[in-house]
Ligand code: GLC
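One chain is shown next in structure tokens, namely the form predicted alone.
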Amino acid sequence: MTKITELIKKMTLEEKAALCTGAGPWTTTPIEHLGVPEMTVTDGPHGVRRSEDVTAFVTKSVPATCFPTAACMASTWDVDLIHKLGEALAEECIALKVDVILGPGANMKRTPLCGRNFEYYSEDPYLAGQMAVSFINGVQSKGVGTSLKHFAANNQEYQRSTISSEMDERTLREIYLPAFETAVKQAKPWTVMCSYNKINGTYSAENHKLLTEILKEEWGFEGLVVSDWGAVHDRVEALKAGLDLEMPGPRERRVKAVIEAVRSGELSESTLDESVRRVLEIVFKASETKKGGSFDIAGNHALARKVAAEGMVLLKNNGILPLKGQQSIAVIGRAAKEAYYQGGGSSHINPTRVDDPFEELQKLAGNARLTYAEGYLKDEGNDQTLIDEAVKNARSANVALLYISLPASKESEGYDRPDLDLTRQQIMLIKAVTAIQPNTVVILNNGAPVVMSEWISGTAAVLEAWMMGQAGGGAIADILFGKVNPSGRLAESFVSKLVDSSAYINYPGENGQVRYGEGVFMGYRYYDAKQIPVLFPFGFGLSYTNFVYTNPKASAETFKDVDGVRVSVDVTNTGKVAGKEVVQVYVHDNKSKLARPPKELKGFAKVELQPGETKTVILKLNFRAFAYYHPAYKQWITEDGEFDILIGASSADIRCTLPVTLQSTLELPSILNRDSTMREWVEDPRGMSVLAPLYQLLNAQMSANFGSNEIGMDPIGFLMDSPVMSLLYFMGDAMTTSPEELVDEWLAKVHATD
């Protein structure tokens, strides 16, 4: 710190301004005479996209391992495995001379149409937060930095650079910020990247509340805030808001604008110095890790295969899988020979190698005869001859494997999906093949959910293989032939049809705004509350074995919020093969002042079990597991009362329920005001103590006035949900003081101790 303080004193205003803007597309500005090196960053998050020429914005990248995308990573529900993936990414960064990798992406999957959903973890903030923590800790354990992105509420590609995400404070705090908050507090990323969009009318890059008040002051973020590439509109306002580093560079006019703003007094030099300090600290931290050398190409490819297999989700299986003893297998679909393993855009990796799915099948198929048919075109066109050939092969085989991948035109960074469908040719292909071959397995390669109602009933099995990374072809073969028991679980709900999705009527927005009208009821929270059936629920996934949950326990039936509670359950593998189960813990609040979702994920653990083996899974639920954000108090609160702790295999498959009672330790200030209703006064301990002498009088007065019920009114209901000030007017001559004066007197007593 002393070294950096002295450096800042030696820097000219011009050098300070230049340091806060990139020197090029991927590097920061060095100051050679002061010994300040440049720092190199590169795209991620599922591979190192290191440009051969860091001075060029778009150029060929050097070979690196293409790991599965975030949608697949999150479906592993395995924090230890994601930590190992982070370590491997860091080792490749070191070898390729990269200081900071731009990832992970912790944005919520608000709508399944978002073209960039393959880069994001989940529709649930708790799961996304835990994945982000493991990724960041893995990378930074090796002395390489991360950039947590895109902060915040960047949940669609449609008009992403200008759209304003309009939402209330509670929705922002409970759904769209927690994954970032968890990652910042628990993993301390070196950098946080702001998003392109506006939040409630203010660009993220210029949002003081977001970047300074919440991120830096409230959460204690100590790193630097970097812009997404081209997200800054007003450099001076961005600096005032807490945006430390603008990328990409060079931006000569931006630098001059900062210099002029300081000289004119528009921008305090101390504000600029603070950003300079943050940039210097990360630049010097990055320089401590020696760069260069090589990385384990084969080892990382094997790790990519493991992650892919752990993240693939078996959605349907009538017993056809794992494949055993088939004499002939019809392999159908372009994706069987042209692996579809990553999405388009800034995360596109130049892989070290790519497994050919068909060849990987051949390696494990033994003496089975494999045939191949293309099945569908690369784009969205139709060709009946391809379907006819596929049907012919399927008819003469014991089993058909349909490899189905979405075309790049359907999902990518930069634009949203037009629908949740496969192409028309692919749907026709699946229906034609399943009509003559009941033993048909569909393998899906996509970055986000697809609807299946039109064709799934005819299939024997469906495997969600995601954008699976360069080794995904081998991972599919491992699962199909039982070398790996599938253990992936969905990190997002699969709806039956697009209109069921929680954001449907509030997407994509209009007049430059998208209203988050569903509030905190997003994803499975919405489907639970509305009792809308989904095709596959959040947390769902099949295995080749079965698991039984027994002996659920809570460490206390009654506990204080600050102490939390431990939950345990015994899980037994009752099948004949080893497997992994994901134990999921949800919390249901039986009664709260504000509406809450029926259940929310608050803990999970992935456990491996041999046949007949039992293990006890123990999870700790803390204060935040039971709290919600109350906008009137401007903080997270708990309330005395009963909760249900739900332990299950998915959000829709709850195996055990534990009733517990929480005792809140919070001493909240009163939020009563002139407009507060009788119910609000009665439910407020201080309000009731002040109001008690008159409560019975008001009650009696209302009963007398409306006792005959001639106008069909429930006097008590009217009493409780009417403002106290309004009720006082009904007392007539019994009042010796005006209602306004009396209510103000009561409020003074109530707030005297706040």
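Note that the structure is predicted; figures quoted are calculated from it, not measured. One-based numbering along the sequence shown.
Not on display, but discussed next: the form predicted in complex with alpha-D-glucopyranose (GLC).
Engineer: Wondering, does residue 160 line up within 4.5 Å of alpha-D-glucopyranose (GLC) in the model of the complex on heavy atoms?
Structural biologist: Yes.
Engineer: Examine residue 346 and determine whether its closest non-hydrogen atom to alpha-D-glucopyranose (GLC) in the model of the complex is within 4.5 angstroms.
Structural biologist: Although alpha-D-glucopyranose (GLC) is absent here, residue 346 would touch it in the model of the complex, with heavy atoms inside 4.5 Å.
Engineer: Spell out, yes or no, whether the shortest heavy atom distance between residue 413 and alpha-D-glucopyranose (GLC) in the model of the complex is within 4.5 Å.
Structural biologist: The answer is yes: residue 413 has a heavy atom within 4.5 Å of alpha-D-glucopyranose (GLC).
Engineer: Going by a heavy atom distance of 4.5 Å, is residue 49 a contact of alpha-D-glucopyranose (GLC) in the model of the complex?
Structural biologist: The answer is yes: residue 49 has a heavy atom within 4.5 Å of alpha-D-glucopyranose (GLC).
Engineer: Since exactly one of 330, 224, 102, 82 fits, which has a heavy atom within 4.5 Å of alpha-D-glucopyranose (GLC) in the model of the complex?
Structural biologist: Selected option: 102.
Engineer: Which of these residues, 126, 196, 549, 559, gets a heavy atom within 4.5 Å of alpha-D-glucopyranose (GLC) in the model of the complex?
Structural biologist: Contact with alpha-D-glucopyranose (GLC) in the model of the complex is made by 196 alone.
Engineer: Going by heavy atoms within 4.5 Å, which of 315 to 323, 653 to 661, 432 to 440, 142 to 150 lines up against alpha-D-glucopyranose (GLC) in the model of the complex?
Structural biologist: Flagged stretch: 142 to 150.
Engineer: Who in 13 to 39 is close to alpha-D-glucopyranose (GLC) in the model of the complex, meaning a heavy atom within 4.5 Å?
Structural biologist: Just 26.
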